[in-house]
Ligand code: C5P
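One chain comes next, on its own, written as structure tokens: the form predicted on its own.
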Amino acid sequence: MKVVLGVSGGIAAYKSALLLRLFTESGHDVTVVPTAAALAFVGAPTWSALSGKPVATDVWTAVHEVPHVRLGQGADLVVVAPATADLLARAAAGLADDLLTNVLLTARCPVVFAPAMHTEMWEHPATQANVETLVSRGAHVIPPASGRLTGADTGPGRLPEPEAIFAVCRHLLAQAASPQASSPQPASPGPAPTPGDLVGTRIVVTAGGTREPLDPVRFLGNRSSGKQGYAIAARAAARGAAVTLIAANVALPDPAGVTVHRVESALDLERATQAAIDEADAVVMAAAVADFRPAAYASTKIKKTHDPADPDAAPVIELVRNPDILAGLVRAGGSARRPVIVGFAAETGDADTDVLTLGREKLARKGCDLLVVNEVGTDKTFGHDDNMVHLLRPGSEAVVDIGPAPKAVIADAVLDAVRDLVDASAPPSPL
């Protein structure tokens, strides 16, 4: 597919060379459109060598091809990374003073901005107003990461890693290539996801699988990869939500624009979730939490027994129950108002009971606002890029089936339901 990679004049421009490589190695036809300032950081030969095309910053180069119109018209995606405060301001104002801003005005495809700048510039009301304007027009703005900036400064404003930006772009390109395949089947109730429909919503997501330490080298754990929870966090951020992700033993890159807290055990996850929930509008408990943990932790490695009378003897490990984090959140709620709480039920079914029946029983026990039920097991769900889930609501026999579909599509369907629940729980506006 045809991608226009816009690069504006920030030190993070060097990272865009790797983003370009990710696009080209995935088979996309990429045209790089840098600003004049961007070429002060990364020169035109680099962009030409990596893209296989000449680059230009003005509308006069190859003017007979009308590049200021044709590039935007023919693109399947336009992504600007890094997007400086100046570029965001010019785009929001609708200026067309160089080739890149002309492309932004003529593009009728998805447009993604990945801002990068110093913290004070990102947090300035003018920049925030420009971002809101762009989002209101349908642009996707990936919030910057927090970390080391130019010099000794640290804070929000760091360009997300190229892999994280590419993940957002890849999802948008997949939607453009096959809109029918990327829609949940059947579609979830409510309007389709749009850029910015979660702006102002604060969402806490848990992901991964907890590990319960047994001794210094062993733990009790599960097969969860965290992919579904990470997809929910990434899509929520792309749709404008302020997202806190509590990750339990996940080997995935941090989603762009998401605040990540790493935990190990169920007790760790419980503490982190309780600390994050007070200001949340919604909590999505996608992590696979261990039901049990060893009653005692062995400070040294547990040895095999060497009993000559019983060479097959093995130590007996006593287990105790972990707290029911989901039910506890439902009982406690937040300090201001109870957030919308979404539970996940990973079930295998058994000889007597199917997955949906087990899911309904769990929904009744937990009391959450929405339960996402999926069947798991060997070669099912864990570690895969696709999933199939069933959405259950208390007091309703209706089941919304989503998938089989990529986990990003599942994430959007879950977030559609979260959006509707948050809207329904909001206090009425004063007259």
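Since the model is a prediction, treat every value here as computed from it, not as a measurement. Counting begins at 1, following the sequence as shown.
Omitted here: the form predicted in complex with cytidine-5'-monophosphate (C5P). The next part is about that form.
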- [ ] Among 288 to 296, 111 to 119, 238 to 246, 254 to 262, mark the stretch whose residues have heavy atoms within 4.5 Å of cytidine-5'-monophosphate (C5P) in the predicted bound form.
- [x] 288 to 296
- [ ] May I ask whether K15, V30 and W47 all come within 4.5 angstroms of cytidine-5'-monophosphate (C5P) in the predicted bound form, judged by heavy atoms?
- [x] no
Open item on the list: With a cut-off of 4.5 Å between heavy atoms, is H390 one of the residues that contacts cytidine-5'-monophosphate (C5P) in the predicted bound form?
Closed with: no
Open item on the list: So, L326 and cytidine-5'-monophosphate (C5P): in the predicted bound form, are they within 4.5 Å at any heavy atom pair?
Closed with: yes
TODO: Classify G157 as contacting or not contacting cytidine-5'-monophosphate (C5P) in the predicted bound form by the rule of any non-hydrogen atom within 4.5 angstroms, answering yes or no.
DONE: no
Task: Interface membership of G226, cytidine-5'-monophosphate (C5P) in the predicted bound form, 4.5 Å heavy atom rule - done: no
Task: Listed residue (P162, P144, G343, P339) with a non-hydrogen atom within 4.5 angstroms of cytidine-5'-monophosphate (C5P) in the predicted bound form - done: G343
